[in-house]
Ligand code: ATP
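The data below hold one chain only, encoded as structure tokens and taken in the form predicted alone.
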């Protein structure tokens, strides 16, 4: 029985700008994206037929509506693979949070089945397949730090920003990305982020200068629907974050800290008030195959 284990890191957006709307209804974006050291853990096991999904998250679909299962179906149909796969997902990334958990899982399935079934596809080819399922999947394949344009699928890799201390707070509610984009009015955006300045300041460790350039244009929409977003930002700021911002369309909010010690201390305080609080850091890689040993971590 052939089995492969993978790590599927989530992501944050250092910046998120929406620059226009296309005739097909999709929005054009410009985003500075970053992998983080918060990942789902997957085990793929060959079986005789079908696609089976198992996992530890109560609200995660365990059928072929799961994005990871769709990725497996895409590979099987495209390459005429006979047989099946069991997908076991140990979910650490909160769902409906703007952290690309579902996209990361799908990216891991594409990369894992490519290796398991020896299909010989490059990362670029895997990213091309993934783009048909979700705009964040290509980034999750490559990971690190990248500028994303188009609908998020046109990537320019940048020297990775690693080990920047973060605290992530996910409130009790999730957010529908589609509903946020539907409510976005491009002519009412009053601040647009400067991704180049943000990248330079992050690379230089000048975190307290970020607030003048860092931003997420979707935040004003989501925060209007869910005022708790601003409350979380204030709580992060009050525990010492140099800057705080919502990631993606929400609902997760992250704070950037000067040191890991400061971030860990802030996370402990925030855990008293919010259901899902994580200490993490910026991470330099995307999906990783774990060869041998135990994948599961505390």
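In this text, all values refer to a predicted model and were calculated from it rather than measured experimentally. Numbering follows the first chain given and starts at 1.
The same protein has a further form, the form predicted in complex with the ligand, not shown here; the description that follows concerns it.
J.: At 4.5 angstroms, heavy atoms only, are 67, 96 and 103 all close to the ligand in the predicted bound form?
T.: Contact check passed for all of 67, 96 and 103.
J.: Identify which of 91, 192, 86, 154 has a heavy atom within 4.5 Å of the ligand in the predicted bound form; exactly one of them does.
T.: Of 91, 192, 86, 154, the residue with a heavy atom within 4.5 Å of the ligand in the predicted bound form is 91.
J.: Which one of 220, 212, 228, 177 is close to the ligand in the predicted bound form, taking close to mean a heavy atom within 4.5 Å?
T.: Only one option qualifies, and that one is 177.
J.: Can you tell me whether residue 250 touches the ligand? I mean in the predicted bound form, with a 4.5 angstroms heavy atom cut-off.
T.: Residue 250 belongs to the contact set for the ligand.
J.: Do residue 240 and the ligand come within 4.5 Å of each other in the predicted bound form, heavy atoms counted?
T.: Flag for residue 240 set to no.
J.: So, residue 43 and the ligand: in the predicted bound form, are they within 4.5 Å at any heavy atom pair?
T.: Result no; residue 43 lies far from the ligand in the predicted bound form.
J.: Residue 60 near the ligand in the predicted bound form, any heavy atom under 4.5 Å?
T.: The answer is yes: residue 60 has a heavy atom within 4.5 Å of the ligand.
J.: Among 75 to 83, 154 to 162, 103 to 111, 204 to 212, mark the stretch whose residues have heavy atoms within 4.5 Å of the ligand in the predicted bound form.
T.: Every other range fails; the passing one is 103 to 111.
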